[in-house]
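Just one chain follows, in the form predicted on its own, and it is written as structure tokens.
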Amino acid sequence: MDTDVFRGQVAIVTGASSGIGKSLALLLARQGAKVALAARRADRLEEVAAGCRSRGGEALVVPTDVSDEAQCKTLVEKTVATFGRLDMLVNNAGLAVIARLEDYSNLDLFKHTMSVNFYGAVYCTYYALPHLIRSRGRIVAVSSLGGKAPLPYNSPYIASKYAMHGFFDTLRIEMMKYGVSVTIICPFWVVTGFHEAQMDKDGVPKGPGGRAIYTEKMMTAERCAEVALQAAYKRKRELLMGPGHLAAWFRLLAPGLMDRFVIDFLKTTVRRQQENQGEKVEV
């Protein structure tokens, strides 16, 4: 992909304060794009905005809680008012809670996860659509391999990603006549602060110990952003990273065996995390 294919284009990136979203914003800026940065923490967004400007792009900071429909509407309106148009929407904001469904004291965290991961993407997309239709633009949905195969102890996260796939696959068909593309990105393990922010059944983030799940072989956020933007530029339907294609076919051909494989995979992951933290391993 050329280094300036998005030059002069206007993009909104949600979840832009860290991780994949931050890397996407910085890469777009380096290509000369005008980027509207959305996330809840204004201070972190200002840091990303400075990085965008130092790379030659323009940046607009719009603190946004995507679970609030009115804030999503304002995000789009401010972007268009500032830059005059909208060429790409990147729905990247997301969070996760890890717990068994039976262990939740109520469903507040479950509903909050759905509100951020799924409805946040729906809200932003709805208000961005008229402008994207006008520009024959691009919609990018950062999902997960969890949108293709289930993972125990992650029911709200997985449910939100399955919902995203259904929504955006349907929207893609509706947008064909307008020339608006819809690309779903399904990362595997990417080294970010995501697992530090991942909450337990009581809403308490894991903190720095969450990073113990990562290894040196895992993809960086910068590399993830590169391949994601390339897929968006080519207007691909879907990008499966890591063992994504294998997992999709495996689940289709042998779903029962896939369930057992997922359980074994999760046990291995938990064991590695506990060993990295020097904890007693009981899986």
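This one's a predicted model, so the numbers in the text were calculated from it and none came from an experiment. Residue positions are given as counts along the sequence shown, with the first one as 1.
Only in words, not in the display: the form predicted in complex with a small molecule, which the text now covers.
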Q. With the cut-off set at 4.5 Å between non-hydrogen atoms, does Q9 touch the small molecule in the predicted bound form?
A. no
Q) Do Y119 and the small molecule share at least one heavy atom pair within 4.5 Å in the predicted bound form? A) no
Q: May I ask you to check whether W189 falls inside a 4.5 Å heavy atom distance of the small molecule in the predicted bound form?
A: yes
Q) Is Y157 close enough to the small molecule in the predicted bound form to count, meaning some heavy atom within 4.5 Å? A) yes
Q. Should the three residues V66, G94 and G193 be counted as contacting the small molecule in the predicted bound form, with contact defined as a heavy atom within 4.5 Å for each?
A. yes
Q. If you check V142, L132, V76, V182 against the small molecule in the predicted bound form, which one has a heavy atom within 4.5 Å?
A. V142
Q.
Between A36, A39, A29, A232, only one gets a heavy atom within 4.5 angstroms of the small molecule in the predicted bound form; which residue is that?
A. A39
Q: Within 4.5 Å of the small molecule in the predicted bound form, counting heavy atoms only, one of 172 to 180, 143 to 151, 103 to 111, 80 to 88 shows up; tell me which.
A: 143 to 151
